[in-house]
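The data below hold one chain only, encoded as structure tokens and taken in the form predicted alone.
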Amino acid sequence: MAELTHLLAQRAHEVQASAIREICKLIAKPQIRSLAGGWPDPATFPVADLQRIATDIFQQKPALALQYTTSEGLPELREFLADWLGKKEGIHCTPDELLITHGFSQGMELTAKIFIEAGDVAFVGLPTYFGGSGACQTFGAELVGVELDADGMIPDLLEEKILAAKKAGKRPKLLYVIPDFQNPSGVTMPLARRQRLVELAQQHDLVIAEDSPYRDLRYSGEAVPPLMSLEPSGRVVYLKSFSKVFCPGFRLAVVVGDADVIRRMVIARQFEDCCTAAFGQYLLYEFCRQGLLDRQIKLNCAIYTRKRDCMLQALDQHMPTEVQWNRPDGGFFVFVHLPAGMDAEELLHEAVDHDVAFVAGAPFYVDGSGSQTLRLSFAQSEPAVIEAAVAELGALLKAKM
């Protein structure tokens, strides 16, 4: 086979493999007790409803469901979601301001594609989900990390780094945030902090990419308005995945933005994949139209609340007092800080030898820090597995101390 390395584009050399996907290879053993993947529990999948809906679709509109569809997405699905987001989230939009994509990843890729030029500065959390930061980096952005505390990204530090970028002659362009139950930290921004981020974006002419995969999965506390509902001028791009509340296998998400932004995304995606698969869109539309989505969200919350509580109880019981972690109000993750000098990557390899897996925190930090952190997911495993895995981790940590 010909050696083509010398012909590769520079971005092909720079792109990094997903740490989570690589871990999945490492832990592909049936006995592994996994606290790694942030994947939904298959027990939440509405199989019976989808079987019934799929049968109806094949009987009533097979030619439409199996054909290409518009690049924007099914008109009836976009119309439903525009109404649903307005009532539920205070995001008042028209169907022309919505785009149905193949998951969050495509929506974020399109956002970066139409906004980022080589050398632009994109601000991301320390830590943050590398799917968002990676999309920006692919198009040449310089990533600048902004520290998080228990309330999410710290606005004063963001402002400092915006001003420093400008002083260095660089162009601040985009802010990527996950305001609700952030991946990996699990933290949620309070209203005042969201308002401050919007003010900074307006003041410094930034685009905000608001990633919202977990917002519907709240188990305690009160909901806080999304950033998009707080910013009327159209500089927020809202990315909502349905993977965590519907089914990830259909790879469905919606991007909400200014109509001109959406139009440019539509044009950009026509040279990528033309359109999102029609069959999955029809399934989601009928699922929503029949009132099943809100019911599904409640069922999911009940299942994940029990799992979250189990993990927090196990951590309280088994972890050394020197270890710290958050207590999330929703989402999939608990973020753990090890004592200074400990390395989560080393702990991971020891844990795998004891049939336990998690995600080391360093890949979530764009500045190379975070080696003493790790992410635990309570989403996939059953409570008994969660308890046993946390107990094993606690024993390993106590032995290391």
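Bear in mind that the values here come from a model prediction, so they are computed numbers and not experimental data. The numbering used is simple: start at 1 and walk along the sequence shown.
What comes next is about the form predicted together with a small molecule, which does not appear here.
- With the small molecule omitted here, the record of contacts in the model of the complex names 102-110 of 145-153, 228-236, 309-317, 102-110, defined by a heavy atom within 4.5 Å.
- Between the small molecule and the residues 243, 326, 71, 305, the one pair within 4.5 Å by heavy atoms in the model of the complex involves 243.
- By the 4.5 Å heavy atom rule, the three marked residues 337, 370 and 390 all fail to count as contacting the small molecule in the model of the complex.
- In the model of the complex, residue 251 approaches the small molecule with a heavy atom inside 4.5 Å.
- The shortest heavy atom separation between residue 129 and the small molecule in the model of the complex is within 4.5 Å.
- The small molecule is not drawn, but in the model of the complex it has no heavy atom within 4.5 Å of residue 257.
- Interface residue remark: residue 178 is counted as part of the site for the small molecule in the model of the complex, having a heavy atom within 4.5 Å.
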